[in-house]
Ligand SMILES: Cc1cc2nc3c(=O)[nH]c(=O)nc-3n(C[C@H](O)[C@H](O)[C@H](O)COP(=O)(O)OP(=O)(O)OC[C@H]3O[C@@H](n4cnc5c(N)ncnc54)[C@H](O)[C@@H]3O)c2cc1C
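Below, in structure tokens: the form predicted on its own, a single chain.
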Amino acid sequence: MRDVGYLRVGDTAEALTAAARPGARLIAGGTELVNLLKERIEQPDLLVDISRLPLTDITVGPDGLHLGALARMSDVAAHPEVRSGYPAIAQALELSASPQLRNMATMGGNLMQRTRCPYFRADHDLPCNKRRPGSGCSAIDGDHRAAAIFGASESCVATHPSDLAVALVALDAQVRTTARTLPARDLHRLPGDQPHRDTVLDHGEMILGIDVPVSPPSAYLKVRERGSYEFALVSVAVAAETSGGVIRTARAALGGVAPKPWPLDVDLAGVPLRRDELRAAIAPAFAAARPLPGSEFKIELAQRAVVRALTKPIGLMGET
């Protein structure tokens, strides 16, 4: 058994001082970190409990939505103005984990989930560069059905599990930390030759909140192996304005296909809301896909998911 220090902090300044110590880790809801501690995947020297900090705000104003890093997922999902004005966020949260976990888990904690594949939490200590840098990647020559088709490397083919992060990228959100403000699309890293680093945050840097600009109609679609409590095989968040059956503006991001939420960087303005035209318009975005044999199906599945998300929710909600 390994001893771990514990410190509950009362303000941000105290949290930053404690979090800067070597071997320190922040903890709030603990829905992920506690499991990683039990499995000895994470072995910090000090847990810095930030759960009492005043970062639980959920505010909707003329400039958009503002969420504190410690706002509970269930509270955000149930907020009437989030549900009406930012439905992709509410839908993404409700499709995450279980109701019990959503009652504990925080917005910041959800974004800080570890990128992983099944080998990351395997019962046996199999090669995994995320757990033990330099040990190898078991998924490449093993079970890689869930593997990334974009942004992977020879060191890691895992995907990021956050549903929320995908919605935030599609909605052009910003993440505020104690050191900077950055676009949500830039928070997570590609693995390269350092797959043990999931985000661009420095040691001791803490998420304070999330800012989402006023959004057009949006929706989140998640495709998974079973109906609940499962990570996405493929997911898509879309935010679009349409007129007369034609897209005026659109942003989209994919989940389950990369080590980070993957923006669908194609111009859809002027594309009719018809399946054939949409498939042709989004196809160039998949030219860069590099699937393994077992994950090749995700290319077709992801394209179908994008078309479905645009033609069903946005077609109904965004017509003018």
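In this text, all values refer to a predicted model and were calculated from it rather than measured experimentally. When you see a residue number, it is the position in the sequence shown, counting from 1.
Only in words, not in the display: the form predicted in complex with the ligand, which the text now covers.
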Exercise. Of the residues 234, 173, 76, 105, which one places a heavy atom within 4.5 Å of the ligand in the predicted complex?
Worked result: 105
Seminar exercise, completed: In this chain shown alone, the residue from 252, 258, 65, 26 with a heavy atom within 4.5 Å of the ligand in the predicted complex is 26
Exercise. Taking the shortest heavy atom distance, is residue 96 within 4.5 Å of the ligand in the predicted complex?
Worked result: yes
Problem set entry | Close approach of residue 35 to the ligand in the predicted complex, 4.5 Å, heavy atom | yes
Exercise. Residue 291 near the ligand in the predicted complex, any heavy atom under 4.5 Å?
Worked result: no
Problem set entry | Proximity of residue 116 to the ligand in the predicted complex, heavy atoms at 4.5 Å | yes
Exercise. Based on heavy atom distances of at most 4.5 Å to the ligand in the predicted complex, which listed stretch, 83-91, 159-167, 242-250, 211-219, is the contact stretch?
Worked result: 159-167
Exercise. Out of 193-224, which residues reach within 4.5 Å of the ligand in the predicted complex, heavy atoms considered?
Worked result: 205, 206, 207, 222
